[in-house]
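One chain comes next, on its own, written out as structure tokens in the form predicted alone.
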Amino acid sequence: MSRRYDSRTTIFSPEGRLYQVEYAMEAIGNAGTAIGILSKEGVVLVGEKKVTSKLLQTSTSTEKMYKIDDHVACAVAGIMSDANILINMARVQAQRYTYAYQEPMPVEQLVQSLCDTKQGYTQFGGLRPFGVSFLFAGWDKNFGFQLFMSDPSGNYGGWKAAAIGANNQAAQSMLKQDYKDDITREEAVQLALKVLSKTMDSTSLTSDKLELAEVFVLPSGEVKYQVRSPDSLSKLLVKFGVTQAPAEAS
């Protein structure tokens, strides 16, 4: 019963729905899956890369993982050009806060400021919603490690484990079954790879089809954002039994 109610973001349908915002969420359902898991030692983000080519320079291109500040990173699902605009906004916001107060911006405050921008694009005429969802992973001195998920409507929430993108419902139900509150960072990596391998459309999970990033605190107290290299990913996939080790050449 969308009829003419889906022509603008500013018009409610008789059932009280904003169809353009719902359509934006549908666009994210076609994007590669991204999974975030909160552990007591850090936050793990894993994303499925849709653009895989032997010609792609993997060392200089990231499709799913982006660093916002030294203590915050995000995984993305949706229209990448929309995501780039919002990520740049978040980076500027974080640096302004650091410049003004001489300390890192609290994670939730950063997420909220970005979601306020997203919400504005659902309320004013002549604009379309950002077709992108985020998983934000970060650490601050107030609440420690945190994982937030936000969608095109501007809603956000804190999660222990979350999935966005294609097959996110199946991934979410698997996470609900297998997640434990006292999970370690290594177990979180194992769980994320296991869930991604079972919910991906492609048959086998290889290092060139995924990106894995972690946010954790070093013994020195410094917050570290680390993206795993393809070689490191291949070893992890074999170690956790997600893929078979390559046969030795005779």
Partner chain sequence: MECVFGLVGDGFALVVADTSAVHSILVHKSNEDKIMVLDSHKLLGASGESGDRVQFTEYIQKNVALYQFRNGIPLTTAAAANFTRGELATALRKNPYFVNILMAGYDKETGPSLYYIDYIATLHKIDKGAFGYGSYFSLSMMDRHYHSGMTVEEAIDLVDKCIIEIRSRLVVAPPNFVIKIVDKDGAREYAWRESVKDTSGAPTA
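Since the structure is predicted, the reported quantities are computational estimates derived from the model, not experimental observations. Positions refer to the first chain, counted from 1.
Absent from the display: the form predicted together with its partner chain. The rest refers to it.
For the residues 173, 81, 109, 95, the 4.5 Å heavy atom test against its partner chain in the predicted bound form is passed only by 109. Within 4.5 Å of any heavy atom of its partner chain in the predicted bound form lies no heavy atom of residue 127. Residue 100 belongs to the set of residues with a heavy atom inside 4.5 Å of its partner chain in the predicted bound form. Shown alone here, residue 180 lies farther than 4.5 Å from its partner chain in the predicted bound form, counting heavy atoms only. Remark: residue 88 does not count among the residues lining its partner chain in the predicted bound form, judged by a heavy atom distance of 4.5 Å or less. This chain is displayed without its partner chain, yet in the predicted bound form the stretch 137-145 from 117-125, 159-167, 67-75, 137-145 comes within 4.5 Å of it by heavy atoms. Annotation for 119-136: no interface residues with its partner chain in the predicted bound form [heavy atom within 4.5 Å].
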